[in-house]
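There is one chain below, alone, in structure tokens, taken in the form predicted alone.
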């Protein structure tokens, strides 16, 4: 059995996959990776299925030891990483030989980094998923001393590939779809919302991300008289103190705060990965435009493997090889010893 031994783990390390769709009616949100795009990027690097589980590392990784020869890939928020003391590239796949020690430090941008293994983590399945859903009491954070089983690797020899990730680790512009409660906000309040450079608060987790307005709190014309309704990841609630709150993967399933809109799924990784203090701005997209955006994003994710390149370039494939300075540092051979 292949496995990865956990020697040390940060407090926010959990096993995650694409989550549990279909349980909303039972009071269980989908859960799964906070940055689902990172799962697709890791799967592309290893040439395996996107549904396989990986380790999600919130802010800090840990120290791990390979119990057999393994392949790994690193995706999501970049973090410092090394194998037996040698620094390795992020957004890339690597061999992790038996007994080798993988050390992953803190994030250098963004919030959530991901460690993938060839074959995926073969941990227990609960309600159709291996993902820890801490808000629902499903699963626990990964801890030191734990041995994580690894599934059968479909391509054990394929390593040394890298991928330029979609830039999403510094905040930025986020697109919204209007919903039935958007009309509860006045045109002036909506205009102010769209021009406001919100700062990502330090208070945020897998349930939701709090945003700090630059000026006065927001208010809807309905006040707080909205009946509780079904809510989903991406909904932007205006809470009782007038602060926008973007619901994330482990959000509750119903809520009574008015929702000013819903972040497109294509842009939700940008919200998840925005570090504390990062600026986020919103803009509404028409329904047809939103559909085109989501379709284009689905096509882009489906073709991530076409964008892979080698970490170390083969000179035979470098067309402009002769334009490189290849003899820098050469010596004549007769220098005094």
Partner chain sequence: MAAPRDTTRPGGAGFPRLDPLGSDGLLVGFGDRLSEAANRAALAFRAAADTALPGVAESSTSLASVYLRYDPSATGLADMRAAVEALLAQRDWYGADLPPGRRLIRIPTVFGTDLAPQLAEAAEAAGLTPDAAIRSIAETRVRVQTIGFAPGQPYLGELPPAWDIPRQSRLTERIPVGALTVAIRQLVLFSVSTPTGWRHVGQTAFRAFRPDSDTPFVLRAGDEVEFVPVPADMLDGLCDQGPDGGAAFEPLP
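Numbering follows the first chain given and starts at 1. Just so we're clear, the structure is a prediction, and the values are computed from it rather than from any experiment.
This next part talks about the form predicted in complex with its partner chain, which is not shown.
Position in contact with its partner chain when the complex is considered in the model of the complex, options 159, 219, 88, 138, heavy atoms within 4.5 Å: Result of the distance check: 138.
Contacting member of 173, 155, 183, 203, with respect to its partner chain in the model of the complex [4.5 Å, heavy atom]: Selected option: 183.
Given that the partner is absent here, does residue 259 sit within 4.5 Å of its partner chain in the model of the complex, heavy atoms only? Yes, contact at 4.5 Å.
So in the model of the complex, does any heavy atom of residue 179 sit within 4.5 Å of its partner chain? Looking in the model of the complex, residue contacts with its partner chain include residue 179, since a heavy atom lies within 4.5 Å.
Would residue 235 count as touching its partner chain in the model of the complex under a 4.5 Å heavy atom rule? The answer is yes: residue 235 has a heavy atom within 4.5 Å of its partner chain.
Since only the chain is shown here, I'm wondering whether residue 239 would be in contact with its partner chain in the model of the complex (any heavy atom pair within 4.5 Å). No, residue 239 stays farther than 4.5 Å from its partner chain in the model of the complex.
Which among 128-136, 89-97, 162-170, 241-249 is in contact with its partner chain in the model of the complex, heavy atoms within 4.5 angstroms? Looking at the other structure, the answer is 128-136.
Under the 4.5 Å heavy atom criterion, name the residues of 10-48 that approach its partner chain in the model of the complex, in sequence order. 21, 22, 23, 24, 25, 26, 27, 28, in sequence order.
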